[in-house]
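Just the one chain here, laid out as structure tokens, in the form predicted alone.
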Amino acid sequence: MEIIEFARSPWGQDVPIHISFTLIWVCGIAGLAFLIGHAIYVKFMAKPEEFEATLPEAAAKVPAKIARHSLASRLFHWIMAAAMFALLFTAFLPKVGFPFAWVTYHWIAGLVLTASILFHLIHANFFLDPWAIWPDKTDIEDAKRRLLRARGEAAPAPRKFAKYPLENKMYHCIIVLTGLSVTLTGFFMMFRVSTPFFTRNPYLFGDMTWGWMYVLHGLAGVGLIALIMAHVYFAIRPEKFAMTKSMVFGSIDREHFLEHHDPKRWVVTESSK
């Protein structure tokens, strides 16, 4: 299977034009295989994780409800999610046998996604702690401890998480790279279609540049199929559902906080009302 499809230009160049859309099925099947494999692992093989104990005096200071996501953060998340699903449906449904006039819906959803990302960049960097979602030294040390303990070797118990577990942080890194790739390439690709915002200019870049831009856009797009499948899967798992509820209602309860989070790493300053 060829991952990238090429065409011959009038000047005799082999120019990339887009990805092979067989990758839609590859990413979908890969995502499904991961979900099934993870579910089997959790059900039959995973052992209960042991954490470093939380000191009683620190636990006593934790309120009954802990604010996790502000209203602005929740609105951003759900608007971005709606735009992302609209982009995937309009991009790939015509490729799997459901043709319709999708271009206008696609670029409108792309603009909504771009606007939501710009809002999030400003909101996260100026009104939230921008470093809370990025892996730190403690995350790396605890990942090593988990690996050693999983191999049956002696190692201290890992500490409980800060506001975001390491797997959330790693997923965030991947989705940032993928999202920026699809957004930036999609923005320039709007110059190739008629919109109220730009004068159509298909000669903004040369054939080769346009070709690789379409390839990067396509690869990021099909990658999002598997990434979003994983995101939805973890969102509905029973042990993760408290975090999903917090993206709706904004808070988690004290019991969940003490079970999974370290009050020294995630300092709670106020309760949610």
Partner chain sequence: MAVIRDVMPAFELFQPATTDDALALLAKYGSDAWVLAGGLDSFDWLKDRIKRPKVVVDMSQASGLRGIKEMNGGLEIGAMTTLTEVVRHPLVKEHFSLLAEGAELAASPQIRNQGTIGGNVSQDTRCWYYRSGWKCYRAGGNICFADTPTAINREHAILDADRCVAVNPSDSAPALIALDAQMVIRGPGGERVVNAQDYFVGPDINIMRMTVLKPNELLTAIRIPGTWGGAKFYFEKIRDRQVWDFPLVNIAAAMKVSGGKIEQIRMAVNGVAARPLRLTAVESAVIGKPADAATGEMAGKIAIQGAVALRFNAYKIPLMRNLVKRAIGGVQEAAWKS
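Here the structure is a predicted model, which means the values were calculated and not measured. Positions refer to the first chain, counted from 1.
The same protein also has a form predicted together with the partner chain, omitted here; what follows describes it.
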(request) Heavy atom within 4.5 Å of the partner chain in the predicted complex: which of 187, 102, 198, 134 fits that? Just give me the one. (result) 102
(message) Within 4.5 Å, heavy atoms only, which of 156, 130, 202, 152 is in contact with the partner chain in the predicted complex?
(response) 202
(request) May I ask you to check whether residue 7 falls inside a 4.5 Å heavy atom distance of the partner chain in the predicted complex? (result) yes
(message) So in the predicted complex, is the partner chain close enough to residue 193 to count as touching (4.5 Å, heavy atoms)?
(response) yes
(request) Examine residue 265 and determine whether its closest non-hydrogen atom to the partner chain in the predicted complex is within 4.5 angstroms. (result) no
(request) Examine residue 260 and determine whether its closest non-hydrogen atom to the partner chain in the predicted complex is within 4.5 angstroms. (result) no
(message) Heavy atoms within 4.5 Å of the partner chain in the predicted complex: which stretch in 94 to 102, 112 to 120, 72 to 80, 167 to 175 meets that?
(response) 94 to 102
